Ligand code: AG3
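Shown here is one chain on its own, the form predicted on its own, set out as structure tokens.
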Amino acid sequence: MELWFTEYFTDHARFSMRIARQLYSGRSPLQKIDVYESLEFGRVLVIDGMVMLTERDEFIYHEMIVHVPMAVHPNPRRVAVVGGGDGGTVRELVRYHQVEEIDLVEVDKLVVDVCREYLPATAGALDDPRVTIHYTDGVEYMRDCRTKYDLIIVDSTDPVGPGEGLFTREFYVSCFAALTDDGIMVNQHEGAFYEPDAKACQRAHARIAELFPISRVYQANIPTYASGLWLFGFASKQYHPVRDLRGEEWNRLGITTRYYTTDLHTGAFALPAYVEKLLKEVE
């Protein structure tokens, strides 16, 4: 008998992958968590029926959410990651020797525990001595935050359930206040192809663009995410993501990547016309 996992992108579109076996299934007080072994994408983390990452393509998401801001900010020493309990964002951050402190704010400890056990290649850097894990709600953490961060990465789930608050104006106001004078915020910005994702993208962009003097959106091709085209937001108090790219300096660091390059960095901010239109409608 063939086993298949299916995620519904809309009522009329879905994505399926063939599954060899289910490795884990459990429920925290907040959400349902599953890990599957797939034949095409390796191990797959699913939360509330939605694919969070697969072993085969997670590097694309995590490289793009980290290396884009890190190649722009000249001296990012203190970083907050809101969400990201799978550890992939932290894994990319610890490759930078100049980063001194990483605060990982994850609302669900079970996500971290499951990823440590079943996705060690993603979660393996969570034990780095520079990393402090805070098991608390990201909205509350940023609202009460007294630390100033050079970079805040909002590595959230979709804007439903526990991740819903990470798309609110209140949260973005708190992030703005918690950034240094030249701080950068990057967030997973949803897709723009299917209508539910596009509306979430527009809402987030409108709220961020209202607060930050520099607000841009960039893209990456992630095969297992809805439509394959996924977006990230880049918001800054001072730095432009393309004009202030420190390409030569970043390349001298010698960080080996599988997706991100400084040439790709520039091109990622060139968006399809329909995406530009969606964003301009709410600016």
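All residue numbers refer to positions in the sequence shown, first residue = 1. Model, not experiment: these values are computed from the prediction.
Note that the form predicted together with the ligand isn't included here; everything after this is about it.
Asker: So in the predicted bound form, does residue 158 come within 4.5 Å of the ligand, heavy atom to heavy atom?
Answerer: Residue 158 belongs to the contact set for the ligand.
Asker: Is there any non-hydrogen atom of residue 187 lying within 4.5 Å of the ligand in the predicted bound form?
Answerer: Residue-level check for residue 187: no, no contact with the ligand.
Asker: With heavy atoms only and a cut-off of 4.5 Å, decide whether residue 43 touches the ligand in the predicted bound form.
Answerer: Looking in the predicted bound form, residue contacts with the ligand do not include residue 43, since no heavy atom lies within 4.5 Å.
Asker: Examine residue 245 and determine whether its closest non-hydrogen atom to the ligand in the predicted bound form is within 4.5 angstroms.
Answerer: Judged by the heavy-atom cut-off of 4.5 Å, residue 245 is well away from the ligand in the predicted bound form.
Asker: Select, from the options 210-218, 32-40, 234-242, 61-69, the stretch whose residues sit within 4.5 angstroms of the ligand in the predicted bound form by heavy atom distance.
Answerer: That would be stretch 61-69.
Asker: Select from 204-226 the residues with a non-hydrogen atom within 4.5 Å of the ligand in the predicted bound form and write them out in sequence order.
Answerer: Residue within 4.5 Å: 225, and no other.
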